[in-house]
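Below, in structure tokens: the form predicted alone, a single chain.
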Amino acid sequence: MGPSSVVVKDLYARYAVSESWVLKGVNLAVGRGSMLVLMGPSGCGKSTLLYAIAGLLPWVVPGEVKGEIVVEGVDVARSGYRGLAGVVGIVYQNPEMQVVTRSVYEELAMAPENLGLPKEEVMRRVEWVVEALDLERYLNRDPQSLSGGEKQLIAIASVLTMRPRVLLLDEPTSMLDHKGARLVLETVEQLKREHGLTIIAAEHRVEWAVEVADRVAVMSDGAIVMEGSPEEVFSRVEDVERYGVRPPGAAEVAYELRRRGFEVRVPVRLREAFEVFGL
């Protein structure tokens, strides 16, 4: 792995209403331009970790954080979310939390305007994201008239107008139907492939995750308990089952064959399953 974009050391975090720590000694390093997918059951700490990296906890969301977080050289403990403006962008589960204006153009222009950028630069950034994500047909639409997937796409685009180097995605497809989820996930793949962003995503769609993630981190009870490439993580059959992570369908077949006494390599992608099972 090359230079790290995000480094987390011995991180503990909790909300003001929490009696105990939600995150417990998390250590993490994410390479610049790579994609990490966080997995694990609900309540394991994925969203809390993203909020801490974004500087929202405890600067916006009341709580307590101990440990070290450095994002693109910025000490988050010292600067909070204000020091990360233009460095980190976060997209939430529910696009209604982010899409608030009366036209898509206004939505895309709002974030760079809030950064105090000149009008010409705001227009350049809007034009760039419109071209990059092919959004021309949406510009004059009221965001409330869009589908869930389209709203989430606009939420992602509005974050990109701040030109972040790190993009955080908190279960961006959890509230979408299959069509909407596909639209959003294809957009994330494009961003990774074409624009060199560092991406950290909490996402439960495992088949998609193993196709695009450089690394996977499994969380349980506030800690990272497994980390590695998709192949490394899902080859640890007993650990995957212990921590309640659903493996890719291709891997599930191999798990069952192993339980029946067959020694087979665990594939994580469909094309690898064809090779392993001789199909």
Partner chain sequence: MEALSLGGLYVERKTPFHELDPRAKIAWALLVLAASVATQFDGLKALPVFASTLAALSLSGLGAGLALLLIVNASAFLAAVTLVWAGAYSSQGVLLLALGPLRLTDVGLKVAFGKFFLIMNPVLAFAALFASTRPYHLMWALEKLGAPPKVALTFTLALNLLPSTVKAVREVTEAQVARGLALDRGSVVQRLRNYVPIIVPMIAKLLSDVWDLSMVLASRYAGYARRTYVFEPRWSARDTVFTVLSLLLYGGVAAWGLAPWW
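Quantities reported herein were computed from a predicted structural model and do not represent experimental measurements. Numbering follows the first chain given and starts at 1.
As for the form predicted in complex with the partner chain, it is not shown, yet the points below apply to it.
Shown alone here, S103 lies within 4.5 Å of the partner chain in the predicted complex, counting heavy atoms only. Contact between M162 and the partner chain in the predicted complex is found at the 4.5 Å heavy atom cutoff.
When the partner chain is considered in the predicted complex, L115 lines it closely, a heavy atom lying within 4.5 Å. Though the partner is left out of this view, E107 does reach within 4.5 Å of the partner chain in the predicted complex, counting heavy atoms only.
For the partner chain in the predicted complex, the listed stretch (32 to 40, 211 to 219, 50 to 58, 231 to 239) containing residues with heavy atoms inside 4.5 Å is 50 to 58. Think of it this way: in the predicted complex, the partner chain has a heavy atom of just one of L176, V184, L84, V206 within 4.5 Å, and the residue is L84. In terms of contact with the partner chain in the predicted complex, the residue from V76, V166, A111, A202 that brings a heavy atom within 4.5 Å is A111. Residues of 83 to 101 lying near the partner chain in the predicted complex, listed in sequence order, are L84, A85, V88, I90, Y92, N94, M97, Q98, V100, T101, the criterion being any heavy atom within 4.5 Å.
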